[in-house]
Each structure stands twice: as C-alpha cells, then as structure tokens.
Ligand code: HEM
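This document starts with one chain, in the form predicted alone, laid out as structure tokens.
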C-alpha cells in the first residue's frame, strides 16, 4: 500500500500540470481567434485521463488502505463528522475529488460536442478550472496541519 500511496501522491503533480496547461490553452483560445488543434484536444484528453487514473488509485486506497473507509468504520470514533481528520479522509477528500473529476469529464465531453473552436476552448477553461479549484481545496497539502501528507 505504501508504494500505491506514493504513486498517488506523486501523480498529483502530473495531474495538476496537465490541468494547468489545458486551462491556460482554454483561456488563451477563448480570448483570441485560435483554432482548436489536435494538440489542444490531446492535452485536454491526457489531463482527463490522468485524473481518472488518479481517481482509480485513490479508490483502491480508500477501500483497502488505512484511511478512508477504514476511518469511517472505525468504532473508536464517536462521530466521523465531529472529528476533522476522519471527516477529511472519510468524506471530504473523496467527495471533492469525485466532484472535480466529474466536472473535468463533463467539460471534456462538452468541448468535443461544441461546433465552434471558441466554444471548445471555453468549455475546457470553465469546467477544468472549477475542477482544479476543488482539487486544490481537497488535496492534503503538507502545510495543512491535521491532515498533512508529504510532498510525495
């Protein structure tokens, strides 16, 4: 499980980088008269795929690791919602990430269906940005005291 946790922690940087590139391209494409190229499509696709891989790793950790579901079902905890650490790992982290990845997937799908290049860029820019904001809010960054995880 430690190797899987390290892979999950390290992959977040690839996910964040790809999302930032896709969002940057989205906003640049919205502001100008740019053509939505195959390269733009691939960056958005790779960003979405990396999010889905990250989600799969996270779900394995959630259901079989020592946090997540194990935290929620721990009889020693009186209330998951009353314990900030248990609430983060058992509820907030997974809910936020699923919501963020759903938004990213919707944005990718809507951009594929759009007819105009500007609309494609706009869908990616908006939905990927919303997803990224939620991801940033629910990552256990090293500077978050009670729930902090290492950089990798």
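Just so you know, these numbers come straight off a predicted model, no measurement behind them. Residue numbers count along the first chain shown, from 1.
Although it is not shown, the form predicted together with protoporphyrin IX containing FE (HEM) is what the next lines describe.
With the distance limit set at 4.5 angstroms and only heavy atoms considered, check whether 9, 89 and 140 all reach protoporphyrin IX containing FE (HEM) in the predicted bound form.
Checking in the predicted bound form: 9, 89 and 140 are all within 4.5 Å of protoporphyrin IX containing FE (HEM).
Heavy atom within 4.5 Å of protoporphyrin IX containing FE (HEM) in the predicted bound form - residue from 43, 98, 126, 114
For this set of options, the contacting one is 98.
By the heavy atom within 4.5 Å rule, which residue out of 102, 85, 61, 119 makes contact with protoporphyrin IX containing FE (HEM) in the predicted bound form?
Flagged contact: 61.
Heavy atom of residue 23 within 4.5 Å of protoporphyrin IX containing FE (HEM) in the predicted bound form:
No - in the predicted bound form, heavy atoms of residue 23 and protoporphyrin IX containing FE (HEM) never come within 4.5 Å of each other.
Please check if residue 132 has a heavy atom lying within 4.5 Å of any heavy atom of protoporphyrin IX containing FE (HEM) in the predicted bound form.
Residue 132: no, not in contact with protoporphyrin IX containing FE (HEM) in the predicted bound form.
Given that the partner is absent here, does residue 55 sit within 4.5 Å of protoporphyrin IX containing FE (HEM) in the predicted bound form, heavy atoms only?
Yes - in the predicted bound form, heavy atoms of residue 55 and protoporphyrin IX containing FE (HEM) come within 4.5 Å of each other.
Residue-level question: is residue 66 within 4.5 Å of protoporphyrin IX containing FE (HEM) in the predicted bound form, judged on heavy atoms?
Because a heavy atom of residue 66 falls inside 4.5 Å of protoporphyrin IX containing FE (HEM) in the predicted bound form, the answer is yes.
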